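Just the one chain here, the form predicted alone, laid out as structure tokens.
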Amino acid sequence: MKIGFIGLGNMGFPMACQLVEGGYELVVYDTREQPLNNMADRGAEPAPSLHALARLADLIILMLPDSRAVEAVVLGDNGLSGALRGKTIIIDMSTSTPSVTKRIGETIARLGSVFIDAPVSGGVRKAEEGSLTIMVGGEAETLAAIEPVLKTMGDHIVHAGPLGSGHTIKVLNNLLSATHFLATLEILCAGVNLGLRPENMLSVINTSTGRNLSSEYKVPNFVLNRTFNSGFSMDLMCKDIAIAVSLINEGKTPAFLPGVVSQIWNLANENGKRTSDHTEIAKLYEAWLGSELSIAT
């Protein structure tokens, strides 16, 4: 089986590397030359165009910034849809808007191919380890056909439901992640304001009932050490939150925190000129606090 992989960014590149290391024949495409060269050094075949990739691949994986990019790559001028061969399976592993995912899926089905969503969670570290969580939206028989490929990149694969379900749970999960990150920062700032050290607070929190991924991993690894280099941008976090809030509102679900969470993230994103790592939202709280969240030296 020859696999096409489109989108060699912070997450896509290590995911593509896992496929090569897993023994799959890979043809890759990106608008940037450097990641294509880096993948070529690892044994992948760079494709000169989307059409060329579509003609070569039996299975195509997308790892792109958002639904607009996915739609352009799949259905746009010179996109994949113009050169698909046979019953190609296209897997959108991006974080996309479920309604757009369903629309693309309907179009691809009319062309005789299959479109499935399989977004991931776990960040760059787990992408490099091949231990991502992968949430799949689509038919069970399609999942069965692609599961060996997915297992090369992730160790926890969940069939979320029909097409679009993977993207739905992904944005809801990211909203929850964004919420507990804010809550953790607010508690740490409150403690610092009351004379506590953040590292001492985390030592208690992370062995107590308040622990969460932000307290256990994000704050120690990206905030207290001042690196702010998680590999996931604030702009993408705000995009995911916006999709989740829209879905909640469409469903008329009673939910009071998402609107506030969304406003705070958007404020931080504007202050960062839309180029910041998402962990840099801590700087917004530090500005309000008048002190850094850092380890005592």
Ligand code: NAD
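Here the structure is a predicted model, which means the values were calculated and not measured. Sequential numbering from 1, following the sequence displayed.
Keep in mind that the form predicted together with the ligand is missing from the display, and what follows is about it.
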Taking 4.5 angstroms as the cut-off for heavy atoms, does Leu64 touch the ligand in the model of the complex?
yes
I'd like to know whether Ile248 contacts the ligand in the model of the complex, with contact meaning heavy atoms within 4.5 angstroms.
no
Can you tell me whether Lys252 touches the ligand? I mean in the model of the complex, with a 4.5 angstroms heavy atom cut-off.
no
Please run the contact check for Val124 against the ligand in the model of the complex: heavy atoms, 4.5 angstroms, yes or no?
yes
Sort through Ile264, Ala242, Leu56, Ala69 and report the residue having a heavy atom within 4.5 Å of the ligand in the model of the complex.
Ala69
Listed range touching the ligand, judged in the model of the complex by heavy atoms within 4.5 Å, from 80 to 88, 94 to 102, 146 to 154, 182 to 190:
94 to 102
Though the partner is not shown here, which residues of 1 to 30 have a heavy atom within 4.5 Å of the ligand in the model of the complex?
Ile6, Gly7, Leu8, Gly9, Asn10, Met11, Gly12, Tyr29, Asp30
